[in-house]
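Before any questions on how it binds or moves, here is one chain, the form predicted alone, in structure tokens.
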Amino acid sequence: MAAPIRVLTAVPICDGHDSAINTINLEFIRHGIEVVYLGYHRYATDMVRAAIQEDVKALGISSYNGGHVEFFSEVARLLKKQGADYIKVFGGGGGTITGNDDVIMRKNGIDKIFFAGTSLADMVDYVHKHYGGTHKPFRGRKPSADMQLARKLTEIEDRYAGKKGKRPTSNVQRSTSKGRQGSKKTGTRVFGFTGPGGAGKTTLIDELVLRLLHREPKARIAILSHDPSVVGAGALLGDRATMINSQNERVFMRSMATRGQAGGLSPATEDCLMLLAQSGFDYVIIETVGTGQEAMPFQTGLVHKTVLVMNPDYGSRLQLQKIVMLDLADIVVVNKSDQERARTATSEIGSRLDQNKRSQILVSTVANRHRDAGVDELCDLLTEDRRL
């Protein structure tokens, strides 16, 4: 796939719904745009941090609660303050944003306001016309570390665009044993999370990040989160929308689309991982797309430990026999273990793992429960070698 336009969309704090922006997101995706969706009730600082880390061309804000002049202007001000005003700000708010508001907002650095009645086609055309093309070089003062890292990740992804599976020449240092060997040299611990959609991988990772931040006050964490590209179109990269604890200055998160590759990862994942390992992160967490029975995303030695996250409601015991990752995962997590069928599921999965005659560990978690003991156990298992 050719390198698509990437934009970030979000809804401001005190605005508790996202029906309008979701409609626009889907239209953008249908026309080949990759949309990083941050979700609703988001602070200006969250939007700016995410836009910089994702290295998007533009940031789209949907606001229906008033206060748009101040909020949009604050986002533009923060981008300019960080030297990231190459990221344009656009948005709309139905009938809440007036023509007079637009005049003020444009003076404050807002690129475009779409008024009530603007067609979806006109919005798509504007994005393609004004936010396409190559990334603009950094201007003025030296870019921040996040800006430089984000741009390097974009360059890696773009080198794969249109290569049809061929690995392009990269400036990223490679090692013969790929990601695991490279991360060993730097001391970076790499964890791979996979499992079916809806199992709670993102929430579990977010809770894990919270514990790592508290336990290691100087640790830096990177997240590579994957979502599928729609065939012949763009992608909805929505994992940031459920990340709460990961909105932290010590966390760098990058959303990646699969861009035509099967198996749950992007063609550029391995090179992006190597760059993150060389950039001094203590931990890198890779989250695959929601995978099925056949997916084996970490077979190339990409990670130190593989975590398979499952729902209690996977079907019959026969289904367990067909899940390949149960043979390969280092740790299997039964998330949502407060559900009615969880005890039976844990027993059946445990019996399935016993057949493998490997040192695999089974953990039960409720990721959305405050201070869940199962998530504590998972964090201990993943970091035990660093605590010795």
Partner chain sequence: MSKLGQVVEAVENYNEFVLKEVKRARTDETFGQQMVDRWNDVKSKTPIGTAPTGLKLPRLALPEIDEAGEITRYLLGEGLPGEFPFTNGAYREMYLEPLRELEAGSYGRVGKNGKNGHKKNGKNGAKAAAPKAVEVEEPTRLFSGLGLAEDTNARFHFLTGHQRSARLSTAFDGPTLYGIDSDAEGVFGKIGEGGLAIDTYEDMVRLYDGFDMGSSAFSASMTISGPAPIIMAMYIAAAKKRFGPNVVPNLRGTIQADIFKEVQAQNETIFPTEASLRFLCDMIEWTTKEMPRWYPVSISGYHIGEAGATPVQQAAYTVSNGFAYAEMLAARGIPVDQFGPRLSFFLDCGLDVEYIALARVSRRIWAIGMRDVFGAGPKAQMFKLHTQTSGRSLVAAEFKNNLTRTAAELMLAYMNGTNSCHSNSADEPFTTPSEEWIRLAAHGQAILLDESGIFKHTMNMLSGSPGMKAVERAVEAAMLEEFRQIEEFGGVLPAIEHRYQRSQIQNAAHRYEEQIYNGTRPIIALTKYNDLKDEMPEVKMVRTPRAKKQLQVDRLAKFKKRNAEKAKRALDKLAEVVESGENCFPTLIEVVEVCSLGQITGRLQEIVGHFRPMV
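As the structure is a computational prediction, the values presented were derived from the model and not from experiment. Numbering follows the first chain given and starts at 1.
Only in words, not in the display: the form predicted together with its partner chain, which the text now covers.
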Does any heavy atom of residue 63 come within 4.5 Å of a heavy atom of its partner chain in the model of the complex? yes
Are any of the heavy atoms in residue 373 no more than 4.5 Å from a heavy atom of its partner chain in the model of the complex? no
Answer with yes or no whether residue 138 is in contact with its partner chain in the model of the complex, where contact means some heavy atom within 4.5 Å. no
Within 4.5 Å, heavy atoms only: does residue 119 come near its partner chain in the model of the complex? yes
Among 256 to 264, 95 to 103, 82 to 90, 128 to 136, mark the stretch whose residues have heavy atoms within 4.5 Å of its partner chain in the model of the complex. 95 to 103
Sort through 242, 148, 247, 73 and report the residue having a heavy atom within 4.5 Å of its partner chain in the model of the complex. 242
Checking a candidate spot here: are 157, 283 and 362 all in contact with its partner chain in the model of the complex (at least one heavy atom each within 4.5 Å)? no
Pick out the residues of 19 to 48 whose heavy atoms come within 4.5 Å of its partner chain in the model of the complex. 19, 22, 23, 26, 27, 30, 37, 40, 41, 42, 43
